[in-house]
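What follows is one chain in structure tokens, specifically the form predicted on its own.
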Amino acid sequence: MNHVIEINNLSKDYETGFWRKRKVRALDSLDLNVKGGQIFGFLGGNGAGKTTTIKILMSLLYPTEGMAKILGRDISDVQMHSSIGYCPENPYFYDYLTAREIMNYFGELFGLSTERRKTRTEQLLTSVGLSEKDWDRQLRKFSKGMLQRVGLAQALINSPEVVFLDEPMSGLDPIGRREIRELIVGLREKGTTVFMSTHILSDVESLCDEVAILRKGRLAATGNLTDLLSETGGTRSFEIVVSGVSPVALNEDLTAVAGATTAFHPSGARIEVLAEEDIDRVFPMIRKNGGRLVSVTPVKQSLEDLFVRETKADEVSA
């Protein structure tokens, strides 16, 4: 199987303190492989080691132990970096340059011709949703969301095979998030691998093929998102929506169904039961109390459920 990112036994220690220095392990023996042509979600709570991992892959930090490869070449290989793109969580540029000038600058770093730089600049600034009237404004006059768009555009100037995005939706409004989601999907359709770290779990669910969850520097879970959600939780319960029922009487009847919970609203109620066989037990109770069945829906584990459980596992066991 072709892995475009290979991480083996990667660890990173930091020294803290002034007089009595001690080591803190931010990344602990991480093993991870990412297949090509997909969107890979890299998740974890604050301080889990996500940004540390990405900075090591970008050679902005040096690992304490372990090794990593991108496109089959060691991360220390400078030539390999011409085939990847990177947008940090908080892009920072020389702010007296304009958006067009910063794109031209990065294009020159990658050795693009004048005509190619011009074409790519116009294509990318348009694709990230930056208005043409802002292309020649100095970056110091840009909002955080506008700078984020420029950061995403510069990460793609060299048509990378693999692009690393650290919190790519940071600072964007709902319209901007939608535009960037469409851009990321377009990258996958072109065969580009996207390695994306984000706290916005709804974006991960809608975009990512596979995910990895870090907990305190260690790998807590990884794999196909659909498989992870089904294997680690599957269907948790069933929601029954009814209308026209008597709340008091129905509540009394439901005490016979273990674990059943009810939430009433003006037009009816939502009943949640834990097992499929409980649905058949509830139906007669609904009819008895003058109710009408509206729907029955399995309530499946969400990515948020998986994320919370995996990132808090140590707290539960403590």
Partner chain sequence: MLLVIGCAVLLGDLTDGQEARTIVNISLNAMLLFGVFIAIFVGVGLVSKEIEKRTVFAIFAKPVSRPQFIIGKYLGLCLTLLINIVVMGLGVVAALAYVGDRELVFSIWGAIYLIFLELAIVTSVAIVFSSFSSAALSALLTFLVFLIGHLSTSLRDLGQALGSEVARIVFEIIYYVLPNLQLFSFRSEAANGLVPNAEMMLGATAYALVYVVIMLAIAAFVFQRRNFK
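Positions refer to the first chain, counted from 1. All values derive from a computational prediction rather than experimental measurement.
There is another form of this protein, the form predicted in complex with the partner chain, and it is not shown here; the text below is about that form.
Comment: the partner chain is not present in this chain, but in the predicted complex one of Val185, Leu97, Val241, Leu109 has a heavy atom within 4.5 Å of it, namely Leu109.
Taking a 4.5 Å heavy atom cutoff to the partner chain in the predicted complex, the contact residue among Arg117, Lys216, His81, Arg177 is His81. Heavy atoms within 4.5 Å of the partner chain in the predicted complex are found in one stretch of 59-67, 29-37, 262-270, 286-294, which is 59-67.
The candidate spot formed by Tyr14, Pro88 and Gln154 lies fully in contact with the partner chain in the predicted complex, as each residue has a heavy atom within 4.5 Å of it. In the predicted complex, none of the heavy atoms of Phe142 sits within 4.5 Å of a heavy atom of the partner chain. Under a 4.5 angstroms non-hydrogen atom cutoff, the partner chain in the predicted complex lacks Trp135 among its neighbouring residues.
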